[in-house]
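Take a look at this one chain, the form predicted alone, written out in structure tokens.
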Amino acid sequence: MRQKVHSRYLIYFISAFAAITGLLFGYDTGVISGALLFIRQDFHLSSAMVGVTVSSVLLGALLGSAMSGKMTDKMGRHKSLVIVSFVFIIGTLITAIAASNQQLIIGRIILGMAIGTGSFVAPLYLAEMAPPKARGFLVTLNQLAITLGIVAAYVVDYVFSGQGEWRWMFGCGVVPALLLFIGTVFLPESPRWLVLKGFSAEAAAVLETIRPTAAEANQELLDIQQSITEKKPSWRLLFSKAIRPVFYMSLGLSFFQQVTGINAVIYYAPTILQQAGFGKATTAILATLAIGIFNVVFTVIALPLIDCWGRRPLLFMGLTGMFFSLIAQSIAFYFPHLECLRWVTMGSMIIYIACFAMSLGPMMWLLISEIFPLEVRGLGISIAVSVCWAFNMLVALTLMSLIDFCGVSGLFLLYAAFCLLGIVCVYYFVPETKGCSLEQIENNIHAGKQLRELGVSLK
């Protein structure tokens, strides 16, 4: 009994420290929304340069995620997290002391590389460490940390907005970066990576400390060993008949997470709220903070539901809510002279972020960390995350130009159409993986089962 309690707290401790990566992810992507109002004035940026400044962190994230697959497969999940924490520190310091927009962009690219690598490594590490029945909860801790990071960024933005101190807005990110660096030094390596590299004895030692009983640890070690094939990770294996549908599904999830409007809320909420009638920068940032708080609250609500209700029901509910809230925002901006515009915009943004926080927000990261076989897990997740960041960068880079072209109303209508398409794709192509071990999912893939049949619940 004592071992059971000890292992439960230990896995939560490990997950909490690994999830600090998500906190930095959220902080460094969210902080730009408030800082941008002052950077634009200090560096006299055009609309095009605003897009470049915002999306520079996404370019770095794309580069980082593209490199992360090989790095984590070669060096391990643990060492990769240590490297990520160090890069976060360097990037944060550069952005805080930048003397020009060019230096700021360089710092944000470095930060982006840490974000891109961390957004791949943290969910992968958490999925491989977590027991099957709590995997949804523990992996989603990373998404909760992202939302907390965004709220922290909004709070810092608001505190320093009175004086326009955007350097302090960026600089405060060094605190969680240092905490991550200290914490990751003490984390164990993933037992699945250890088995993959032939260190079964070390893997057994890790499993014995994070599982309630020795019998459970031994059985899981046996399952991992049996799941490994002689095939080496390669692009060709990703496109094999058995794995190809899973690979395409992961790309689809990455696509829909980014093209359904989340960038407009995270990166440009203060700008959009100013257009809706929240005139002062401090007022717009304060309204954005409320949106960030709802993001945290509904991510917390989603935590127990993921392993209780399942992945598919939450995706259906969330995408439906996102669709209707985006339609409401589109209608509100189509009639800009209505006095209720700012409150309709504010309310529909809150509904949107609540629905996203319970569906596409955590579910994309969770599902792509679950569905790949071990021998291609690093490579497959790395590509899926790279695609996610590529679409993230594309949307952020073109968002202001799209607003100039079709207006805010047309932009939200476009996002609503993608939500509708996402509902259809989830129905036909996304499996329910609730309660299913990673090895069971892998066996179903190699057995040639359809996507909808990959998740077999544990009895």
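So that there is no doubt, residue numbering starts at 1 and follows the sequence shown. In this text the structure is predicted, and so the values were computed from the model without any measurement.
The form predicted together with ligand BGC is left out here; the points below concern that form.
Between ligand BGC and the residues N295, T92, T117, S369, the one pair within 4.5 Å by heavy atoms in the predicted complex involves N295. Interface residue among V139, L326, I146, A177, judged by heavy atoms within 4.5 Å of ligand BGC in the predicted complex: I146. Only one of 104 to 112, 385 to 393, 130 to 138, 316 to 324 places residue heavy atoms within 4.5 angstroms of ligand BGC in the predicted complex, namely 385 to 393.
Although the partner is absent from this view, P373 stays clear of ligand BGC in the predicted complex, with no non-hydrogen atom inside 4.5 angstroms. Proximity of N263 to ligand BGC in the predicted complex: non-hydrogen atoms within 4.5 Å are present. With a 4.5 Å cutoff on heavy atoms, G361 counts as touching ligand BGC in the predicted complex. A residue is said to contact a partner when one of its heavy atoms sits within 4.5 Å of a partner heavy atom; S250 fails this definition for ligand BGC in the predicted complex, lying far away.
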